[in-house]
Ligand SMILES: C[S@@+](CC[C@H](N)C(=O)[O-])C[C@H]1O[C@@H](n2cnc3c(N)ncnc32)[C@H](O)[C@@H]1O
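Read the single chain below, which is given as structure tokens and is the form predicted on its own.
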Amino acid sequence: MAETEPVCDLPSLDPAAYASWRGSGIGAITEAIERRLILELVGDVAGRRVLDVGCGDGALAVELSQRGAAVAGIDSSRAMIEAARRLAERRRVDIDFRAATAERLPFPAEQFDVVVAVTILCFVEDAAPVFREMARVLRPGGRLVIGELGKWSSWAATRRMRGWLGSPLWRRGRFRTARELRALASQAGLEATAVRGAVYYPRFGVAARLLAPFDRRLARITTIGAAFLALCATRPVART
């Protein structure tokens, strides 16, 4: 399928930036915690059709494919899509990667059993159209899993400060609460079943190593202070 959707790149966010983050000590710890939470909420994907919205360099899409899903992935950055295709080729998995925007997904309605989107809404001013699009391509009974940057955390405070100091990336940053994510899901006709927090430590390598083992305990208490929030919602099945 030809890629006709206009696409764009976020400043300072490219495949090299992803690789650098994962290669750092705190990045590796944080990525593992976030990935574990997303995969727990996604559940068993064997034999299911899954869409990764904002797939980046394809790491999550490839893992979902290796778990038995039929995966498609979109990203607004052509550089990310090319990196994702190279990764899929190296891992020998077949994934339908396309350059497109989350506001206009290039798929018919009710195509996917699971839609997952990790840290894309933080760069979207109005998230409602994105939620509606993701709900549109979900089959009745399908599951949406969103991973986002939490509003009330030390990480968000630092990123807001960087935006005020001139960072072109974090000038665009938008941080949301658990209540806001639930409301967005409801407005799109979805039923939120869970919002869970993760990454409660400050952005320091030593803190991450010391406090990461306690992350699950804090998540059972509150989402306040979580740098990462994950929402799980379902599309209701129409009653007959």
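It should be emphasised that the depicted structure is a prediction, and the values quoted were computed from it without experimental measurement. One-based numbering along the sequence shown.
Another form, the form predicted together with the ligand, is not on view; read the next lines as being about it.
Although the partner is absent here, residue 119 sits close enough that one of its heavy atoms falls within 4.5 Å of the ligand in the predicted bound form. For the chain shown alone, residue 77 is a contact residue for the ligand in the predicted bound form, at least one non-hydrogen atom being within 4.5 angstroms. The closest non-hydrogen atom of residue 103 lies within 4.5 Å of the ligand in the predicted bound form. Residue 197 falls outside the set of residues with a heavy atom inside 4.5 Å of the ligand in the predicted bound form.
Shown alone, this chain has one stretch from 182-190, 211-219, 50-58, 64-72 that lies within 4.5 Å of the ligand in the predicted bound form by heavy atoms: 50-58.
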